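So this first bit is one chain, no partners, the form predicted on its own, shown in structure tokens.
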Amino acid sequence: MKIALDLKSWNTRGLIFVGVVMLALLFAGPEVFDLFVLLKVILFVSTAMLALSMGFIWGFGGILCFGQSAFFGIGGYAYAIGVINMGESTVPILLSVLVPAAFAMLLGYFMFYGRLSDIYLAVVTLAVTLIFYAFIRSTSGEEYVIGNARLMGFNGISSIPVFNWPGFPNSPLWPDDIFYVATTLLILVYFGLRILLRSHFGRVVVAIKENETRAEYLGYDVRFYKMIAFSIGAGIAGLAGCLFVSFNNFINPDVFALGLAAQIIMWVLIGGVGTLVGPMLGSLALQMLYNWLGTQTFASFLNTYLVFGAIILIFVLAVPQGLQPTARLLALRFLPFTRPPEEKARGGGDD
């Protein structure tokens, strides 16, 4: 696979800019943020990775999935159960990726090879999410034990061991160490997806999204490519679930709730479908907005969810393209130095 970088193109400049911002966050975060903010950033990194997984399969694979929260929860529970039984976090971290990816591959096999339409695929993934939510909530009995780990039903699993240095279970990572791990994983996932999308596999996945029938006529097994892309997205969501557990050492069935499944869709819509940076920005913006609304005095007499929903509705109607595409359009129009040479020659800035 050969990847060429054109330093004059918008995509390459954007890639460099995102890389610089992420590296700055990685190295400066523990020095700038106090402990409380650092823990919040770890949570934001987890949700950004979850949004990134949805942005990949929906924006580039054309798969509208209401089950990302299910894969997120499976990854979190896989880590929790694994680390409680093993007493060490290295293998459980891998399980948080492999278990949801394997489940998604099995589910995807029946959905894609069963030729389900997009709407039925969305309904099936939503049903799977609700099934997990109902099942895990009902596991409060003593018989629901996996090794040494009790599922605890709606009460959730608490006191989950944090990450440790590989091979040293008695050497847990401190919050700043977990921050480094979480941010590094987000950087690796983001750039890994960028490389994947520039590969032959990624180009085929995008081609299938653009015109599935034509891709099939060209001899590509559309079902196989969609199944693999679906599994990759599930594995990323599972890793995000693992990071979420490391944030608060706790997990309960709310990770499978319908509210989170809907939020993930909103993150991608707000950030911009068909982008990778956009979903991360969308998740960050909406979470910061929700936290801000929760601290305002009007929340005592006005429903926070109502205000939150109204703001999202107004934003989607006013900025239908999302944050990242709109920011790009404004930059090309009002900041001439951001335009590629061919745009400057035409005197325009619109795509």
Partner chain sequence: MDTVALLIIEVLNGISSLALTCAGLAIIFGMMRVINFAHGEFMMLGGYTTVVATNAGVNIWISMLILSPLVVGIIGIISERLLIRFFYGRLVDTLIATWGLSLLLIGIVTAIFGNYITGVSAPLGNFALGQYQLSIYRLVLIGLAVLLFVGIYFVFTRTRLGLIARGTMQNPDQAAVLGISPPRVYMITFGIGAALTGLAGGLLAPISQIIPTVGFTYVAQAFITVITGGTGAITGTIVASGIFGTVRQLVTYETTPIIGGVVLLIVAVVLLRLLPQGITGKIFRRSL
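Numbering follows the first chain given and starts at 1. Only a predicted model underlies this, so the values are computations on that prediction, with no experimental measurement involved.
Omitted from view is the form predicted in complex with its partner chain, to which the following refers.
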Which residue among Ala285, Leu43, Leu64, Leu26 has a heavy atom within 4.5 angstroms of its partner chain in the predicted complex? Leu64
Can you pick the one in Tyr109, Phe191, Phe201, Tyr180 that has a heavy atom within 4.5 Å of its partner chain in the predicted complex? Tyr109
Mind telling me which stretch in 94-102, 236-244, 73-81, 120-128 gets its heavy atoms within 4.5 Å of its partner chain in the predicted complex? 120-128
Using heavy atoms and a 4.5 Å limit, would one call Asn85 a contact residue for its partner chain in the predicted complex? no
Taking the shortest heavy atom distance, is Ser138 within 4.5 Å of its partner chain in the predicted complex? yes
Close approach of Tyr113 to its partner chain in the predicted complex, 4.5 Å, heavy atom: yes
Just checking whether Leu289 would be counted as a contact of its partner chain in the predicted complex - the rule being heavy atoms within 4.5 angstroms. no
Might you say whether the CA atoms of Ile311 and Val273 end up closer or farther apart in the predicted complex than in this form? Their distance differs by 3 Å or more. closer
Quick one: with a 3 Å or larger change, is the Met288 to Ile312 CA distance smaller or larger in the predicted complex? Answer closer or farther. farther
